[in-house]
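Okay, here we've got a single chain as structure tokens, the form predicted on its own, with questions on binding and movement later.
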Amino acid sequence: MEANRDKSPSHPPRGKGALRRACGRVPLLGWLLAILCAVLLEHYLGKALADLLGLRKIPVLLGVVTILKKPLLMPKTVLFVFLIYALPIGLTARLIREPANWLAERLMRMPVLIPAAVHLAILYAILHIWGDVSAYRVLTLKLTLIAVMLTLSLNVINGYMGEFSCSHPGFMALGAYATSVFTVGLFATDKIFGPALLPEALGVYLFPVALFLGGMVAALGALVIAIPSFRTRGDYLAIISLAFLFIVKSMIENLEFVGGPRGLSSQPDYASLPMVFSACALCVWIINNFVRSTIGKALNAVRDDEMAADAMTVNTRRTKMVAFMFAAFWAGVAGGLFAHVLRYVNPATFGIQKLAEVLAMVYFGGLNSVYGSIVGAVSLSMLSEALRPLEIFKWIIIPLLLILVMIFRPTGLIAFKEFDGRRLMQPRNRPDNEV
């Protein structure tokens, strides 16, 4: 009997794992097309279905906000989400699995930029159509994409470099104000800067230049703090970087030509969804290449053992300064986008609360992982918005969630995992025993 048991196949029982195998054979392209079908369905039939079910409007954020505001509407909201999202996505993904695998296989034979552009175009179409339902959705999408950029840039320092920096909101503030001064001073009529010096229509084309300027100002600020602080490590660097945050915040509050503590407004509406999406995609691509490059490997060596890295001819001081300035640059770009999404910037925004939010996203998603940064930023941003109706109780639930993650997964949800775009876009038409 034991011999027969050893010779029996090790396949799971019929039905067990079938759903997992079916989902595993759908490529990323298939899932994107399935989600695109679902958001198109909501765009054209969502209002009619909401009226039919007795809902006042289309539920936002998968109905969580509606359920928390009016718990009695939970059955109708869940039914709406099932009919609009869950059922169409599942059926469409199953139906187009083979055609999607065929198309993914053909795309992967081309230069990698072509399949990447196709996947990004479909992803942007999904976000654009989904956000077209309401201005609230568009604002949430923009702020979430900016949060992804901030989390990725901070992960370069706190994750890949192994230091603990608290200066990121300061870099964000420098980028936000530098970009705002450039755009408001040149392309907007403001009570502080006076009439516009250039036509406002020209500002759309020069806005990337303004973002680059904001990033460079933040990088210079990082250089100022990096020169003295990298002689220290651990708690000392955290204290110095925290002091830098308060210095930047206090400096802006005392500069009247940028509004002082009242803030600066009148930013032109240049941070459209295509602009924010493009900046975020570029940020993910560049940071992913940076951490997988030679300097990224040097950062990992510095994090694991700085003395050993120095003995292996790694210029540890130069490596840390380059990484610090690189991360600050993207924080400055994110700050410039943030200021133009809200069209108002205030020094009080870049305080301890902003630092706590970004740190929570980094450690919740996972250190040393581009995947983790994206997951952490998206999940916590969406969760924070979804729990907004709970008001003060939201700040009890989210910290408790973070505590549980730190207890059971101290390195975060997806830590130490490389982001391989080519592998991610590969077809999934392998046999079941290879999935």
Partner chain sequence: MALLEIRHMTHHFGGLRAVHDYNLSIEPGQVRGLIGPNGAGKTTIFNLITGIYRPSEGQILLDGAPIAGLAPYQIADRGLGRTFQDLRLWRHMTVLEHVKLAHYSKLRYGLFGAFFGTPARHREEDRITRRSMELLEMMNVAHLADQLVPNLPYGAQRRVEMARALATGPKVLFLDEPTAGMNPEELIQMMAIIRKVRQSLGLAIFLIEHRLKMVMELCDIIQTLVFGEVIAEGSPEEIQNNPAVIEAYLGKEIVE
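Residue numbers count along the first chain shown, from 1. A quick note: this is a predicted structure, and the numbers were derived from the prediction, not measured.
As for the form predicted in complex with its partner chain, it is not shown, yet the points below apply to it.
K.L.:
Exactly one stretch in 103-111, 141-149, 79-87, 281-289 has heavy atoms within 4.5 Å of its partner chain in the model of the complex; which is it?
P.N.:
Selected range: 281-289.
K.L.:
Kindly confirm or deny that Ser379, Ser381 and Leu387 each have some heavy atom within 4.5 angstroms of its partner chain in the model of the complex.
P.N.:
Not a single residue of the candidate spot has a heavy atom within 4.5 Å of its partner chain in the model of the complex.
K.L.:
Among Ala116, Leu206, Val322, Ala348, which has at least one heavy atom within 4.5 Å of its partner chain in the model of the complex?
P.N.:
Selected option: Val322.
K.L.:
Looking at Cys166, Val314, Leu213, Leu127, which is the one with a non-hydrogen atom within 4.5 Å of its partner chain in the model of the complex?
P.N.:
Looking at Cys166, Val314, Leu213, Leu127 one by one, just Val314 meets the 4.5 Å heavy-atom criterion.
K.L.:
I'd like to know if Asp269 sits close to its partner chain in the model of the complex, meaning any non-hydrogen atom pair within 4.5 angstroms.
P.N.:
Because no heavy atom of Asp269 falls inside 4.5 Å of its partner chain in the model of the complex, the answer is no.
K.L.:
Give a yes or no for Ala309: in the model of the complex, does one of its heavy atoms lie within 4.5 Å of a heavy atom belonging to its partner chain?
P.N.:
Answer yes; at least one heavy atom of Ala309 falls within 4.5 Å of its partner chain in the model of the complex.
K.L.:
Find out whether any non-hydrogen atom of Arg97 is located within 4.5 angstroms of its partner chain in the model of the complex, and reply yes or no.
P.N.:
The answer is no: Arg97 has no heavy atom within 4.5 Å of its partner chain.
K.L.:
Considering non-hydrogen atoms and a 4.5 Å limit, does its partner chain approach Phe326 in the model of the complex?
P.N.:
Heavy-atom contact with its partner chain at 4.5 Å: present for Phe326.
K.L.:
For the stretch 283-305, return the residues whose heavy atoms include at least one within 4.5 Å of its partner chain in the model of the complex, in the order they occur.
P.N.:
Going through 283-305 in order - heavy atoms within 4.5 Å of its partner chain in the model of the complex - the hits are Trp285, Ile286, Asn289, Phe290, Arg292, Ser293, Thr294, Ile295, Lys297, Ala298, Asn300, Ala301, Arg303, Asp304, Asp305.
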